[in-house]
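Single chain ahead, by itself, as structure tokens, in the form predicted on its own.
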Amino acid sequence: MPVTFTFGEMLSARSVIGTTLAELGESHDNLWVLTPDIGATLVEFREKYPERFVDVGLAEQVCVGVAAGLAYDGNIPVVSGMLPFLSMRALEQIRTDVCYPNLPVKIIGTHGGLVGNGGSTHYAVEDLALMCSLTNMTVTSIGDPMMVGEILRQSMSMSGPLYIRLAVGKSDKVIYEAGQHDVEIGKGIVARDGDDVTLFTHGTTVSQALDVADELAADGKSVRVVDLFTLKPIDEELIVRCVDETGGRVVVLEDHVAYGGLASRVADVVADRGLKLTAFERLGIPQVYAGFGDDEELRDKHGYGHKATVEAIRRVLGTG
């Protein structure tokens, strides 16, 4: 049975991945787990099903290629690694070997955004733009570690590829109370209701968005926080409803380059649907190589930290 944790508790998303995959391996005898030398959290699966575990070493392109071959043979491969390298070094293999034939390969990994203090080469900051551009790819970005298990369980019945983006995955806050929200790939979550402005976000910045909403509530400002954890296919109906119900005032916050990620996806829906906006602001990583620092420090430095988010919402509300 899936393990439950207390709201607000810190939990390792990597542990959830390992536990869930070992659980799924029992009910799915065609589940394979592969890694490019990033398998420390996959020990439980490896020990239970060594014949279905493959560590190819530091070779992301090979890992994706082997996964595609296994999928052709009727298996469900999960590739687990670091997203800066899976999303870029293996992009051609993901596009041609996995997406083109629409194979059920799941790519899950860490270091999405400016997390881990690894420097610019070890941050996945363009990954969502790349993955959303690929035909047949479903793209998710998860902030609550308990959601990872549910997404993996749902993915077992998916016929095409899936991308799951996480932060470092060692110490993540449990954002939602157990059973508080339905978690469904392709549907967003209204993490906090509000009437004045909608703050769309995903992944590592969901917790920050909720903290911002709490602060502004003390000033009588009602901020709706929406966790659009599936960027593709995006929940268009939820976006339309939120734009309408919060007076066309929208802020998008994300730990990704400001153009090409969620803000661009939301802007596409707004343009395609002919929605009327009162104000729109996007907060994300500017066109810089971010350098070293912890995640909160880098968000503040590059203009999308807590303070900058509060200021953006005040501008959108005309009170900044």
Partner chain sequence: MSRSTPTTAGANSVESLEALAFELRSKLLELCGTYEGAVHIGGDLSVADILVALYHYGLNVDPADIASPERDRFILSKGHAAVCMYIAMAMRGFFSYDDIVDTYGQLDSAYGMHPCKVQLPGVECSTGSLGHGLPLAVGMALSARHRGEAHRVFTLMGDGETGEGSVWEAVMAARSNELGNMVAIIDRNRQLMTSFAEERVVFEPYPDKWRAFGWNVVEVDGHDMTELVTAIDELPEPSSRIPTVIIAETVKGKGVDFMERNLAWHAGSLGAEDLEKARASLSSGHQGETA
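Positions refer to the first chain, counted from 1. These numbers come from a predicted model, not from an experiment.
Although not depicted, the form predicted in complex with its partner chain is the subject of the following passage.
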| item | value |
| --- | --- |
| Answer option from 59, 257, 277, 267, heavy atom within 4.5 Å of its partner chain in the predicted bound form | 59 |
| Of 136, 75, 117, 222, the one that lies within 4.5 Å of its partner chain in the predicted bound form (heavy atoms) | 117 |
| Any non-hydrogen atom of residue 49 within 4.5 angstroms of its partner chain in the predicted bound form | no |
| is_contact(residue 121, its partner chain) in the predicted bound form, heavy atom dist at most 4.5 Å | yes |
| Heavy atom of residue 95 within 4.5 Å of its partner chain in the predicted bound form | no |
| Non-hydrogen atom contact residue 298 with its partner chain in the predicted bound form at 4.5 angstroms | yes |
| Location of its partner chain contact in the predicted bound form, chosen stretch of 225-233, 194-202, 144-152, 121-129 [non-hydrogen atom, 4.5 Å] | 121-129 |
| Neighbours of its partner chain in the predicted bound form among 18-40 [non-hydrogen atom within 4.5 angstroms] | 37, 38, 39, 40 |
